[in-house]
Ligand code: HEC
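The chain that follows stands alone, in the form predicted alone, written as structure tokens.
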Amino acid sequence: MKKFLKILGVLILLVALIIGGFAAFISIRGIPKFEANVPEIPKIEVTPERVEKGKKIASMLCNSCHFDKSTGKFTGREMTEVPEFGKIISRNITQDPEIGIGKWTDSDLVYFIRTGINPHTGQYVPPYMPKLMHISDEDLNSIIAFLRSDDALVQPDKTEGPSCEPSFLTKFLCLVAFKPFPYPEKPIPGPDTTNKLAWGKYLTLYEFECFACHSADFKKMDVGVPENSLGFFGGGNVMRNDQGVLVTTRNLTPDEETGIGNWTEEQFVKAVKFGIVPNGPALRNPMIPYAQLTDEEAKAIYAYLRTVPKIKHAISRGI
């Protein structure tokens, strides 16, 4: 019996050493780097139409993470909404050549936004920064045209935040789950805006990536195939609002009891564009009204959400 206990003790010690060594390896290794294979693409023409469209997309997709109230520009800020990922500081994406992206080429920006790999260092950025692998080439070109524009939001600014301190969980997930996305092998066209369902799917999944917040868990979302994300549009992701209070994201499936199954198209448009929710309090931060959407875009999103599988998942207004 004593011999058995001695052997068992040795085995437990070995297992503990292996686990400890693995944990130390992950902590020291940090977020991995990859070879950056930046494609050569023609310089993107900056037109008023592209700048206008790019600003519209950026105001809904980039603003919440990169806008700093103290500078009034896209100089980055600490992202307290997702504490499980660690201390995350979004990057300065103004046109400053040293602190911002002023020296980045159009090819650099396209490659980074598509794959998540820094074209200069090879550093991979985990999923707290969206990778727009499905967005159309023209919409991506519009975002870059806006970043090149004379808009006050992106004018050079040398504000530099502290370094990110990703959590152990983030480092672990970057080893086993989170990986860069392949650069597209062929052009990505825009959606058919005459097909309300197809247009709504594009806006919801690929342009604004609504599923990321409104599914069950950031750690188990599937950007490559959004429909495979855990609890697809059933809500439940835990985030902090601007007062530091933990809230859970809403169920947007067409379930009549716990989702938006009983909402009319008009009620949905009012909720998305103006924050007016039927039979309840207004939308809560970090969700913000998307007044920039046209009514037709909001209606297309509603049409698509009506087709996703129902999930019965009641969400409390608190955590």
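For clarity, every value in this text was computed on a predicted model and none was experimentally measured. Heads up: residue numbers just count along the shown sequence, starting at 1.
What comes next is about the form predicted together with the named molecule, which does not appear here.
Interface membership of residue 130, defined by any non-hydrogen atom within 4.5 Å of the named molecule in the predicted complex, is confirmed. In the predicted complex, residue 44 stays away from the named molecule, with no heavy atom inside 4.5 Å. Contact annotation: residue 93 falls within 4.5 Å of the named molecule in the predicted complex, judged by heavy atom distances. In the predicted complex, the named molecule sits within 4.5 Å of a heavy atom of residue 104.
Only one listed stretch (181-189, 167-175, 118-126, 148-156) carries heavy atoms within 4.5 Å of the named molecule in the predicted complex, and that stretch is 118-126. The contact residue chosen from 89, 197, 245, 230 relative to the named molecule in the predicted complex is 89, the criterion being a non-hydrogen atom within 4.5 angstroms. Contacts to the named molecule in the predicted complex (heavy atom within 4.5 Å) from stretch 241-278: 247, 248, 249, 250, 252, 260, 263, 268, 271, 272, 277.
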